[in-house]
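The chain below stands alone, shown as structure tokens; this is the form predicted on its own.
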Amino acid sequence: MNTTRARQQVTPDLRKWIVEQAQAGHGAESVVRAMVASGWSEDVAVEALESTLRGHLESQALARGLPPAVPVPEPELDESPLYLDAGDRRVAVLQVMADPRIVVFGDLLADDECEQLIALARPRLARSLTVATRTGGEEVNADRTSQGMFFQRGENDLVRRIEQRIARLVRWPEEHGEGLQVLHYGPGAEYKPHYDYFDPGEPGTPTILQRGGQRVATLVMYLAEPEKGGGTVFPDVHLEVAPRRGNAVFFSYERPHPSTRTLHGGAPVLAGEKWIATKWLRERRFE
């Protein structure tokens, strides 16, 4: 055990001071520097800052009537890496946003993997459905005009390899993932902005949650590039991710509430075809 950390106890007064500094507009680095200058070890200072502000924000959220936050998948980005080890592949980190938590990955899939997924999915395509939170079943949604299909988790060697790669990349168990979904968008097809979590206020949501709890993260992988349009848009933060083949966009949501700012959609394809593979991750094992 670190003896310095063992001797330095984080007191309620210190936590109160940290919150006051944050409310006064002082950045994390300046608060840590002030603590170190006062004799705190840097490790203790950083840990106290993170835990205090996390707890403060959560208490404020609960006071506003928001649902409690839950753990979410989280790529290892603490040291601002250019690449991450996904086991059998090195994946580039192209863009990172903290709030909402959005990460754009480069070369998550190889070209031949994209082609294989499309070839395997094409014969099984049907009009895409959405989860019906009113009933717990599925339904056709006018906002979603793509065709799609689902692979069972671990259905074949290709799917199993990609699922293992995703699990390592975002540090979340494979068994917590839904089956990989492949979607095809022709000219004019789109998916209007929506949230991926299940609305707690809908009557069918308790039935849906029995299969693995809430969705807590989404990974959209681009398999084929349209000539124009088809980006993944995040209206709350005015962000659009271009659908470049092999790349992916990841985003997580710690509570089923619009405060996560994870409203997103698939912009209309203006020319050509777009193919994507989507992986939704749940709180618990998905059955």
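What you are looking at is a predicted structure, and each value in this text was computed from that prediction instead of being measured. One-based numbering along the sequence shown.
Although it is not shown, the form predicted together with a small molecule is what the next lines describe.
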Look at the candidate spot formed by Tyr191, Gly265 and Trp280 and say whether the small molecule comes within 4.5 Å of a heavy atom in all three of them in the model of the complex. yes
Between the options Leu223, Val44, Val220, Met35, which residue brings a heavy atom to within 4.5 Å of the small molecule in the model of the complex? Val220
Contacting member of Asn247, Thr232, Thr260, Thr52, with respect to the small molecule in the model of the complex [4.5 Å, heavy atom]: Thr232
Could you tell me which of 165-173, 83-91, 191-199, 113-121 sits within 4.5 Å of the small molecule in the model of the complex, going by non-hydrogen atoms? 191-199
Since only the chain is shown here, I'm wondering whether Ile276 would be in contact with the small molecule in the model of the complex (any heavy atom pair within 4.5 Å). yes
